[in-house]
Ligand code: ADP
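The chain below stands alone and is given as structure tokens, in the form predicted on its own.
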Amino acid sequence: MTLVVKVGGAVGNALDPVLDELAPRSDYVLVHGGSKEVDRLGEALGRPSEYYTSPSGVVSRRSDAAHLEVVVLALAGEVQTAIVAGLARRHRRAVGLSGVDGGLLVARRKEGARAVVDGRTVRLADDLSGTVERVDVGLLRLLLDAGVAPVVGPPAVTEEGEVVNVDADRVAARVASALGATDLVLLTNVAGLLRDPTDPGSRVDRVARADVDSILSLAQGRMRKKVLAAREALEGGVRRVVIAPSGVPGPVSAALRGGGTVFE
């Protein structure tokens, strides 16, 4: 069965251990984020990242037209090229695909995204973010059957051909569900879902699928999107989801052995 692995792009994530472990394999799709590179490039271009918190407590990157250009340059360009080149150095053929390529990720643009500003809820009319609704599994299987590793990341495209930013964790959940993957591993820069974000020893080791909604209150900041992605993957038929650290030896195997927060 195909394995889906998502490696985060925030500060503190480690890419090399992930590529070292995946390169000898041929049974996976690698999904990537890249918030660190988006922030760095945005600063360099005079378009610094802006974040907002929704009324439900989810932290998201604001994606107006100017910032979406930065996202495309950083993710579909710099980050994806670095990952594909890293796999090539390890003798694994890979192809980088944004969700726009071949209509891989078809999304619906979010209408009326809302943010909490100074205690008030306001509408973000210029936000170009979306939610993935369909994955072209045939394209991914074509590559997998040819022994080529798909490296997938945002942005996505709407039915009307509009480019929209999408969350990489939830992209990974959609890809895993569409492929019928048994496992989804979300690698990040912390030990897993923590009861106390300042204490790595407070990790929640296991969450039953029936308890995911109740555990959401523990998820702060961007961790909330990872828990939402775990829920979506389980609802989509994935057997197990693990949120685990990327910066350990053999991070994928460690995650699958329970070295993180396991949702099942």
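So that there is no doubt, residue numbering starts at 1 and follows the sequence shown. Predicted, not measured: the structure shown is a model, and the values here were computed from it.
Not pictured, yet referred to below: the form predicted in complex with adenosine-5'-diphosphate.
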Given the stretches 144-152, 93-101, 190-198, 75-83, which is the single one in contact with adenosine-5'-diphosphate in the predicted complex, using a heavy atom cutoff of 4.5 Å? 190-198
4.5 angstroms heavy atom contact with adenosine-5'-diphosphate in the predicted complex for residue 60: no
Classify residue 67 as contacting or not contacting adenosine-5'-diphosphate in the predicted complex by the rule of any non-hydrogen atom within 4.5 angstroms, answering yes or no. no
Are any of the heavy atoms in residue 220 no more than 4.5 Å from a heavy atom of adenosine-5'-diphosphate in the predicted complex? yes
Report whether the minimum heavy atom distance between residue 8 and adenosine-5'-diphosphate in the predicted complex is within 4.5 Å. yes
Thinking of 2, 239 and 253 as the candidate spot, does adenosine-5'-diphosphate come within 4.5 Å of a heavy atom on all of them in the predicted complex? no
Heavy atom contacts to adenosine-5'-diphosphate in the predicted complex at 4.5 Å, residues of 25-54 in sequence order: 35
